[in-house]
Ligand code: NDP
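Below, in structure tokens: the form predicted on its own, a single chain.
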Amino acid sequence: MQQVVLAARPIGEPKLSDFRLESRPMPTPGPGQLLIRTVWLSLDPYMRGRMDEGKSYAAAVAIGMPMEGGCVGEVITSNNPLFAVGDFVENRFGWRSHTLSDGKGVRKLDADIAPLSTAIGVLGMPGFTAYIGLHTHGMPQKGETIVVGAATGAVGSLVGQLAKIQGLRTVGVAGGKEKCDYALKVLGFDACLDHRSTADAAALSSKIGAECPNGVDIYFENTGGKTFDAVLPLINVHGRIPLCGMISLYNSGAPPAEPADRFSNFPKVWRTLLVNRINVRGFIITDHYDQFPKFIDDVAPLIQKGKILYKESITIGLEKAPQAFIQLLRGENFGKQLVSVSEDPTRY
């Protein structure tokens, strides 16, 4: 078997040398265990935080240990009566070609409902993040205006489509004309602004403001940086900001112990939140998994009916996962970033 381990803690943007591909003997399942062949590996921005040593909502990956990641796999050996050889399953198996599991937390998949890859994409953690962020923390009302950062990413693309279904004016922010065109022509956004075409937050804010004549009621925050600075002055009184990530800051490493220049505008931000009574709610999706069945019940039929669309960016080969992850953090992927670790027999 093969696995990709954390070789060194990155300083700033990860480098290929921060990862190491290892070969290990194939594990043998014991009583009650499964041996699972990884088919699909999910790459997600949160993994960058796991590479840093510091206090967070989850433990850092230890040096020399496999990188964490959600996967879809196929059971190839089973000593567990709840699983049969040939079952397709999902869990956080990590950046490995094979893994042992006792079956706890492992979810069986039905390829007839949706392609297996969606279990770690639009019908997995990213999609669930979009669903909870919008409904539980965004509290959308028909006729309101929402701005979505990273609008064509795995999370933002579903946020925008669900918002449109609920009758919101939906404005996206994305990196590049191709992504903006996709948001408009395929996903059905009302407008999409290219943050790369603007020199600064003020210029971006002006363009977003022109597309939001009634102000912004909800800003789905997953980028931070220039996009946040641009949207904040536009948010209406009693607006809401579901906060699930800040990808633009991830390569800066863990937050410093003392304030730095990047936090120099904090008093202004804090005052804006107060004066406009803006509800900012940071959330971690693992706190909400009691609602996962409802998410599947609500979203899976929309995918089957073609009312929700999704895009996947696929890299072939576990050994290429580090490069694909680096490109993801740069915003060079398009849609949900996956690694095809081994053949998906249901896909072709």
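This structure is a prediction, so every number in the text was calculated from the model and none was measured. When you see a residue number, it is the position in the sequence shown, counting from 1.
The same protein also exists as the form predicted in complex with this ligand; that form is not shown, yet it is the one meant from here on.
A.B. asks: Can you check whether Ala174 is within 4.5 Å of this ligand in the model of the complex, heavy atom basis?
C.D. replies: Output for Ala174 is yes: heavy atoms within 4.5 Å of this ligand.
A.B. asks: Could you tell me if Ile285 has a non-hydrogen atom within 4.5 Å of this ligand in the model of the complex?
C.D. replies: Yes, Ile285 lies within 4.5 Å of this ligand in the model of the complex.
A.B. asks: Indicate whether Phe295 is a 4.5 Å heavy atom neighbour of this ligand in the model of the complex.
C.D. replies: Answer no; every heavy atom of Phe295 is more than 4.5 Å from this ligand in the model of the complex.
A.B. asks: Given that this ligand is not shown alongside this chain, does Ala150 nevertheless sit within 4.5 Å of it in the model of the complex, heavy atom to heavy atom?
C.D. replies: Yes, Ala150 is a contact residue.
A.B. asks: Of Cys244, Leu187, Val89, Ile235, which residue is found within 4.5 angstroms of this ligand in the model of the complex when only non-hydrogen atoms are counted?
C.D. replies: Residue within 4.5 Å of the partner: Cys244.
A.B. asks: Just one of Arg107, His135, Arg196, Lys164 has a heavy atom within 4.5 Å of this ligand in the model of the complex. Which one?
C.D. replies: Only one listed residue qualifies here, and that residue is Arg196.
A.B. asks: Thinking of this ligand in the model of the complex, which stretch from 301 to 309, 45 to 53, 26 to 34, 59 to 67 has heavy atoms inside 4.5 Å of it?
C.D. replies: Of the options, only 45 to 53 has residues within 4.5 Å of the partner.
A.B. asks: Just give me the residues of 209 to 224, first to last, that have a heavy atom within 4.5 Å of this ligand in the model of the complex.
C.D. replies: Asn222, Thr223, in sequence order.
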